[in-house]
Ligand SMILES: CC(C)(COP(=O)(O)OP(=O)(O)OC[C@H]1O[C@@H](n2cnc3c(N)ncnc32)[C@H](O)[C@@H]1OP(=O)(O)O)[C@@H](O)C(=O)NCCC(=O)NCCS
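Here you get one chain, nothing else, as structure tokens; it is the form predicted on its own.
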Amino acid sequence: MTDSTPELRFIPLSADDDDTAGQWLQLMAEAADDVPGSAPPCPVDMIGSLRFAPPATALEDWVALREGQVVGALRTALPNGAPVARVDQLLVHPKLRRRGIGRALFGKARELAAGHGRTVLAGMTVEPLEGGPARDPAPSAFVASLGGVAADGPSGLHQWLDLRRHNPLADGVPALPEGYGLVRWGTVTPDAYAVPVSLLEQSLGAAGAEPEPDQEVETSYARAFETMRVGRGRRAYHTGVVHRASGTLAGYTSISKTTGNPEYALQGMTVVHRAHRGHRLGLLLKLSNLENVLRQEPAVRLLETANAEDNHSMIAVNSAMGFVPQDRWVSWTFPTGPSA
């Protein structure tokens, strides 16, 4: 089923439609300078994203056609059991902006959200930091003109580490505190650590008694995430720290990268259980994992990461490694009813 607006025609985007998917990839490549310095889109990763959604999330991917050519793209994410639909991509060809295509795409996103019973539509814009690199103010002005309201809670701080300018491993990796040992694994978590990894993620900000692990429940998200990662052609590298006396996984960190873009990598989750904090294990894990990544991926030169702006401890760890703040990720929300 298709939907039409004046001069535009919307069709679902499928990985099996080689022509349309190819035009979508070209659109993203031509818009890659929207956020200077960001990694260019990896075709294997992006086509894989059309087939493998994030865990517990459905994706609606659409493109806007004009005279048979892709001029805009929309991705709406629908987390299971949530009242929110999230706009993960709203993209207009750089040469065709300010002609109503963006508003038409936004209208489509609202329609999709309402059709799935979602009461809130959410999105994100990139904004400059004081003293940081300039960022295009047009996206924020666009969402404000549509009635977007900055979401409650902290924004995200986007940081980059340029290994050509700073080597955080110049002094080596700090020695492990007594009583701890390191373990490593790749893209797929070994069965022995699948439940502990899930429990560590749950422990972020948790208080009180630890939840009782349930093998099937606790591993379902981790395994679904790995299915997505493998389906998108991504590789991952993990380093964990084990408390020897108890045999428990006290913390872990991950770095992942796409099949393309050999110079770029993403510093992902780092978590140390609150019972084991105060030993600088977070910094040690990140440095040890980076050392491992560079042995296996020697072309890596740039790492990016993001944290909530109020996560001062992890931002401090990143700064100690040489990560430099680049911009702020601001979340917006919109009602899903008809536009005013």
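Note that the structure is predicted; figures quoted are calculated from it, not measured. For every residue, the number given is its place in the sequence shown, counted from 1.
One more form of this protein exists, namely the form predicted together with the ligand; it is left out here, but the text below deals with it.
Taking the partner from the other structure, the ligand in the predicted complex has no heavy atom within 4.5 Å of any heavy atom of residue 184.
Under a 4.5 angstroms non-hydrogen atom cutoff, the ligand in the predicted complex has residue 125 among its neighbouring residues. Not displayed here, the ligand is kept clear of residue 237 by more than 4.5 Å at the level of heavy atoms in the predicted complex.
For the chain shown alone, residue 224 is not a contact residue for the ligand in the predicted complex, no non-hydrogen atom being within 4.5 angstroms. Only one segment in the set 96-104, 258-266, 170-178, 75-83 has residues whose heavy atoms sit within 4.5 Å of the ligand in the predicted complex; it is 96-104. Proximity to the ligand in the predicted complex, defined as a heavy atom within 4.5 Å, singles out one entry of 138, 151, 188, 228, which is 138.
Among 291, 30, 34, 297, the residue placing a heavy atom within 4.5 Å of the ligand in the predicted complex is 34.
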